[in-house]
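What follows is a single chain, given as structure tokens, in the form predicted on its own.
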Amino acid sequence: MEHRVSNAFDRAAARARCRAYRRRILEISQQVSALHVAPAFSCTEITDAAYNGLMRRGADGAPLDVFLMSKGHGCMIQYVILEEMGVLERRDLDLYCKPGGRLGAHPDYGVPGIAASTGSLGHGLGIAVGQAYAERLKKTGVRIFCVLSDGELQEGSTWEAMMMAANLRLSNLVVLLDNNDFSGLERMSEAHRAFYPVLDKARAFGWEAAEVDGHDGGAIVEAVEGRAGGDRPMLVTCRTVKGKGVSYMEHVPIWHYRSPNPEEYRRALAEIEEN
């Protein structure tokens, strides 16, 4: 079953949405002592492209396709998009990582809009493979969109899932790889050089693969919707910047898990408005 985006992806509107998402994430960061800001900022455009460019929605606006954030540390961007969609309430995000709240530092299954509990890196793609296979067996036409971190390439379970997806010919599985070149505090290209080039490895495993600017939502949408088709899963390697949009956070390891102080917060807001 072919899927096409009904309307052209509006890049200007996407940029405006992503600015708003980053502002909201920063706002929440002022309510807790530590928050995964930089990991969320690197996959902001990726997640927006999935929800607002690729995933089909029903008459009520609810997604018909499935989104899975394997990169659990990026969950804040998923939370703010679900809030905008009305799936989560503002109160849910205001109680992030607080007593009485239901949103934690990693996504938890059972929370509205969350397809699987993730954060144990390397497990999300295996779950996505199972979901894609189930939807194919049911002949629903549902696609599974999975955001994977490059750090998860360190896990053997990720490569096992890639082999299984190709063996099962899961053409309804699309993986969006957040390739920000960092795994926590170390550069992937320095600590794990054997992973590269990722595209060649994905193709060798039987996947269709493409590489794009991960901060250009339109390029992500075009790569997926322009795929050759057939019976292969697809991986889009998205080149990104960890902490994108705030100069003092970009590629600075400490911002993997830290909330800005009041002065840093004001500076971050100003820089986001300028971009």
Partner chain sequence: MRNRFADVFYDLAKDDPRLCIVVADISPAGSIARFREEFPERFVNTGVAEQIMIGMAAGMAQRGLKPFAYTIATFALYRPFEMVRDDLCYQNLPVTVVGIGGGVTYSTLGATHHAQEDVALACAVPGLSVIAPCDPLEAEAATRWCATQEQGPVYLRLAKAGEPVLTADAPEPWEFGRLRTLRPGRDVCVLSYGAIMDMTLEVADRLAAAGRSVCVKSVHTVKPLDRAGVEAALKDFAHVVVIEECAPNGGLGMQVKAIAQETGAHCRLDAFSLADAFIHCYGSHADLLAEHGLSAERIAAALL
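Computed from a predicted structure; not experimentally measured. Residue numbers count along the first chain shown, from 1.
Here the subject shifts to the form predicted together with the partner chain, a form of this protein not shown in this document.
Just one of V175, A202, V80, A161 comes within 4.5 Å of the partner chain in the predicted complex, counting any heavy atom, and that one is A161. Exactly one listed residue, out of V111, M188, V142, L93, brings a non-hydrogen atom to within 4.5 Å of the partner chain in the predicted complex: V142. The candidate spot formed by R169, N179 and P197 is out of contact with the partner chain in the predicted complex: none of the three has a heavy atom within 4.5 Å. Interface membership of E84, defined by any non-hydrogen atom within 4.5 Å of the partner chain in the predicted complex, is ruled out.
Using a 4.5 angstroms threshold between heavy atoms, Q131 counts as touching the partner chain in the predicted complex.
Contact annotation: S117 falls within 4.5 Å of the partner chain in the predicted complex, judged by heavy atom distances. None of the heavy atoms of R193 is located within 4.5 Å of the partner chain in the predicted complex. From the list 179-187, 72-80, 85-93, 119-127, the contact stretch for the partner chain in the predicted complex under a 4.5 Å heavy atom rule is 119-127.
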